[in-house]
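Only one chain comes next, encoded as structure tokens, the form predicted alone.
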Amino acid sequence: MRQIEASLTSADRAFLEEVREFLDENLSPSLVAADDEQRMFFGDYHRSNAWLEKLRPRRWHVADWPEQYGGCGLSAMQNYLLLYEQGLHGAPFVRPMGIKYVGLTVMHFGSEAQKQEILPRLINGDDHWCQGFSEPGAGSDLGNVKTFAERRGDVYVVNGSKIWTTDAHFANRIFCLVRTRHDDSKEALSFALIDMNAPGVSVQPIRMLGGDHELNQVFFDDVEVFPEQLLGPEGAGWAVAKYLLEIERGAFVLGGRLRRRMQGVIERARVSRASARIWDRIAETEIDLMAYEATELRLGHLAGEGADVLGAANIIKIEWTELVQRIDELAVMNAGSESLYCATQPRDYVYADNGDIEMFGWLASYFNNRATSIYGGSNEIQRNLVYRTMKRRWA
């Protein structure tokens, strides 16, 4: 951040000071400490919502929305500064499934009626969404989903299941990629917006290795969905899902969060008098983090100016997911056996619902974040997409 502050306009510098003052006034030490010690990268659902309420009066929770839909008119640089500083100061991560994924996708593909119904409810916090993409037999191979929506008269009847569904136990709405024809083509897929309280929807929790309950499996048993609950026409699901995945992979500013995480590793390495080998690894990771921050800022600006950045979201997704894994690995290497029970300082063990001792701190975070390079499309697939994009440009 220091590298770019000197080049900011006077308006952007004033905005940066406004953001910092806001964070100083609204981020309590206990909130920051709780967020620093969490095991899940995207954090606790309830803390996230509490922080969102702080942002809502300024409309900073929808800062990247166009003003016509309720955004607050920030420039691309100001939105970057807002998100970077929140991450750097330890603010909870605002859940993206509704405000970012659904909101921006509805703006692009939704009917006027859908926009008028869905967008105000997102701004006001009336709806909480979860994502129904992955299935037991279709994760990174998203085009192979089997959940079927059969047209019966005036409704579709949905049967199947979705897995690894973050926040499904809190959500009242779910967006789903479903199959509406009995063939394997992309044109057989549709994008449905489903009420989680509809008859036939059930949720089964999935306990993560670190003891957290963040993920779920969602089952659909003869769930009725009306045609107006499709986003886009029948058969357009693949196009809608691809658009949403570009948002998921590249529409975040995560440099501040990674920087804060890295600072925590460095502080602990100093206290523990880490070995030269650890410090060499820290130096290598620090260089890569600086490169990531520069890339995130550059690609964000290009997107804000309407430039062609196809493939940029894939690069961002690859880099942040592998960086968080490397930072966690460094922390575990440095902490050694202490990583089993301490985060920023030693704490007592507590017991999970099933009576097992829960792990605290870096090791649990390390385990949980092994999945970051898989969700949103595995990084192997992301590299293929980057190659295909560059190949088209070279042709």
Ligand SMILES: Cc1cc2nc3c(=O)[nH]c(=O)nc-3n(C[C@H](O)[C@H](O)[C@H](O)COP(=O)(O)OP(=O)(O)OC[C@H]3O[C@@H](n4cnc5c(N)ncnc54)[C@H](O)[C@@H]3O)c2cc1C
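All residue numbers are counted from 1 along the displayed sequence. None of these values were measured; they are calculated from a predicted model.
Below: the form predicted together with the ligand, not depicted.
- Heavy atoms of F15 never reach within 4.5 Å of the ligand in the predicted bound form, leaving it off the interface.
- When the ligand is considered in the predicted bound form, W164 lines it closely, a heavy atom lying within 4.5 Å.
- In the predicted bound form, the ligand lies farther than 4.5 Å from every heavy atom of A11.
- Within 4.5 Å of any heavy atom of the ligand in the predicted bound form lies no heavy atom of Y156.
- Segments offered: 79 to 87, 132 to 140, 195 to 203, 233 to 241. Contacting the ligand in the predicted bound form at heavy atom distances within 4.5 Å is 132 to 140.
- No residue of the trio G110, E112 and Q116 has any heavy atom within 4.5 Å of the ligand in the predicted bound form.
- Residue-level contacts in the predicted bound form: of I278, L297, M208, I123, one residue has a heavy atom within 4.5 Å of the ligand, and it is M208.
- Only one of L104, L215, A269, L323 comes within 4.5 Å of the ligand in the predicted bound form through a heavy atom, and that residue is L215.
- Scanning 377 to 393 for heavy atoms within 4.5 Å of the ligand in the predicted bound form gives G377, S378, E380, I381, N384 in sequence order.
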